[in-house]
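Take a look at this one chain, the form predicted on its own, written out in structure tokens.
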Amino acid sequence: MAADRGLFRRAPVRPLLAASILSADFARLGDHALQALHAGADLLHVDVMDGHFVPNLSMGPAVCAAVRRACPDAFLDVHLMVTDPGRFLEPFAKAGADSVTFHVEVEGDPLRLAARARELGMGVGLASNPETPVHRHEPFLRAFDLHLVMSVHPGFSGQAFLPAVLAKTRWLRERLGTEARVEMDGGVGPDTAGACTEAGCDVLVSASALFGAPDLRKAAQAMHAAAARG
């Protein structure tokens, strides 16, 4: 069975849990990614950092392709925290990405990049950093399958959740209705998931709260339960 590439394009039924492999054990990445899916994660989130847009380097298309080989049926949600996302659309499409998200803060034409991502067979999302005004999303609300709200300053896993971004989440959900997903990324765990879904988020990205937990299955169950309470 192939990955469900329409996952982000359907109206939300329940919040989705995205396991960010940034906090997985890279020495056994394929096994760790599979464990997250078997534990209850709905999809895998691939954080790509270029050391320029954010002060860290992470992974590239080769890692994405390796995860695709290990998890052939998984939905791979690639988050491009890079200065020039256009350079990476085709490489990640070839590596097996199902959806790609880039930032509104980078130079370029978001609509052109979105069209190119779709030509390559991928879904497409638009992200913004915590301090970026939500009105930067407004011209592009219905041009994307997903709008990603960073709830930490991007670049490193394990940061504390910034509750001020919940207002941005509410603003987006009020205007989008069920026409697009709203994703929260950063500091999302059982203690913050409910506030995220209450504000309108329906995709929760979790890294250290899942992969850093003693029991991955129990951690995923706690996330789903907290999201449902929201």
Ligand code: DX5
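It should be emphasised that the depicted structure is a prediction, and the values quoted were computed from it without experimental measurement. Residue numbers here begin at 1 and follow the sequence given.
If you look for the form predicted together with the ligand, you will not find it shown, but the lines that follow are about it.
*Asks:* When the contact criterion is heavy atoms within 4.5 Å, does Arg181 count as touching the ligand in the predicted complex?
*Replies:* Contact with the ligand, no.
*Asks:* Given that the partner is absent here, does Gly121 sit within 4.5 Å of the ligand in the predicted complex, heavy atoms only?
*Replies:* Heavy-atom contact with the ligand at 4.5 Å: absent for Gly121.
*Asks:* Report whether the minimum heavy atom distance between Ser208 and the ligand in the predicted complex is within 4.5 Å.
*Replies:* Heavy-atom contact with the ligand at 4.5 Å: present for Ser208.
*Asks:* Heavy atoms within 4.5 Å of the ligand in the predicted complex: does Met150 have any?
*Replies:* Yes, Met150 lies within 4.5 Å of the ligand in the predicted complex.
*Asks:* Report the residue, out of Gly86, Pro91, Pro110, Gly155, that has at least one non-hydrogen atom within 4.5 angstroms of the ligand in the predicted complex.
*Replies:* None of the other options qualify; the answer is Gly155.
*Asks:* Name the single residue among Met81, Ala114, Leu146, Cys71 that comes within 4.5 Å of the ligand in the predicted complex, judging by heavy atoms.
*Replies:* After the contact test, the surviving option is Met81.
*Asks:* Looking at 163 to 171, 192 to 200, 39 to 47, 61 to 69, which one sits within 4.5 Å of the ligand in the predicted complex if you count heavy atoms only?
*Replies:* After filtering at 4.5 Å, what remains is 39 to 47.
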